[in-house]
Structure formats: C-alpha cells, structure tokens
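So this first bit is one chain, no partners, the form predicted alone, shown in structure tokens.
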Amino acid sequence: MNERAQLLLSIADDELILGWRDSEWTGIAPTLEEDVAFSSIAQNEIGHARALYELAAQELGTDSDALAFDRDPGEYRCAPLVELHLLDWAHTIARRYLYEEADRVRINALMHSDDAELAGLAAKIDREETYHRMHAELWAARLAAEPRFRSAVEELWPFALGVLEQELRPDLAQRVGLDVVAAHERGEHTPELAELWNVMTEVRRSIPGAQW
C-alpha cells in the first residue's frame, strides 16, 4: 500500500470510528440540544470518512464501503483515541476537544500539501469542521474549572498526540497548553475497537456479498 493510501485510510478511519462513538450519545446525552449536536457531528464525521475512503479506493482498486466495513479490526489505521468507549460526559467532551484541536492541526497541514486533490478535500472538510470546533471549544470553556474535566484531558492527552505525526505534535501541545509526552501510537489498537467493529459491521456481515 502506498503512502498516500495509508494517509487517507488513517484519517478516514479516525473519522469513521469517532463518528460511531459520537453517535452512541444519541438519546442519552445530558440535554436534548446535545442529542441533536452529537448526532449532527457524528453524521458529518462519517461523511468526511466516506469522502476520504473514496479517494483511497481509487488508489486501491476497491470501493468506500469495502474499506469502511470489510476489513478486519487489525487492518484499521485509526488512532487509539477514537476507539475508546467513553461512558462519562467529562471524558467524552475532553476527547472531542482534543480530537478537534489535533484535527485542526492535521487539516491545516493537508491544506498546504502539494497533492492538489487532497488539499482541496482538506479545505472543504475544514469549512465543515467550524461547527465541531465551536461546539468543543464552548464545552471546554464551560468545564475548564471542573477537576473531572481537567483530569480527563490529562488522561487522554497521550492518546490525542497519537492522532498526529510526530512533527505536528508540538503545534498541538502549544494549542492545548500541555507538554509533548510519549503517545499512544497508531497500531496500538484497544480492545474496544474489536467490540465496536462487531456492532458496526454486523448487518453487512449477515449477508456476505449482498448489494445494499
């Protein structure tokens, strides 16, 4: 697999898996407004994943659905941060805040890429991420004085660093106000990924080869 396809899959897998994790709050978020917000964010993230999978599929001679659902869990390239099954609001908002800051750094780098097609898609995604960032920033500001939130940010910080290549991590650290530490790197999958994969692919696996 060439370097471009690996990059596309890494970002697409992040967006897909985080979209699924965000969708798990639909119906159980602390307010009706957050039910709607997390559902909308999840849908956007999965839409971004689809666009990235379509570019990768051109490289790999397949299609976006096959890349999203037909690989084994160990073949996914997502960062451990997005795999975690977080069951409390403080950790969920901490992840959303840290992921959006990491994604901002990553998208900015992609927009300056020599790959015109990828740079164009990154610019489109960047515009659509404006609401996501605003949502994360408002919640981070609201919870800034809460010890549970600060503790969650610190706990998830090594996972957040793993979203980015090493050369981009100092930019993220500066934005968040934390030091660069040893990261939980891509390839270090959590047990939660296999559990999510079983749910995420259950219908597609129920009738192999079906045209949906």
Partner chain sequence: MVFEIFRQEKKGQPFAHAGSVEAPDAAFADAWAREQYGRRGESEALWLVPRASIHAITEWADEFDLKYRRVDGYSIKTRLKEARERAGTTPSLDS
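Residue numbers count along the first chain shown, from 1. Only a predicted model underlies this, so the values are computations on that prediction, with no experimental measurement involved.
Just so you know, the form predicted together with its partner chain exists too; it's not on screen, but the next bit is about it.
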Which one, Glu33, Glu154, Glu167, Asp179, lies within 4.5 Å of its partner chain in the model of the complex by heavy atoms?
-> Glu33
Within 4.5 Å of its partner chain in the model of the complex, heavy atoms considered, which of Ser64, Gln43, Thr26, Gln58?
-> Gln43
Ala123: heavy atom within 4.5 Å of its partner chain in the model of the complex?
-> no
So in the model of the complex, does Met134 come within 4.5 Å of its partner chain, heavy atom to heavy atom?
-> yes
Spell out, yes or no, whether the shortest heavy atom distance between Leu138 and its partner chain in the model of the complex is within 4.5 Å.
-> yes
Examine Ala37 and determine whether its closest non-hydrogen atom to its partner chain in the model of the complex is within 4.5 angstroms.
-> yes
Want to guess which of 73 to 81, 112 to 120, 126 to 134, 98 to 106 is within 4.5 Å of its partner chain in the model of the complex, heavy atoms only?
-> 126 to 134
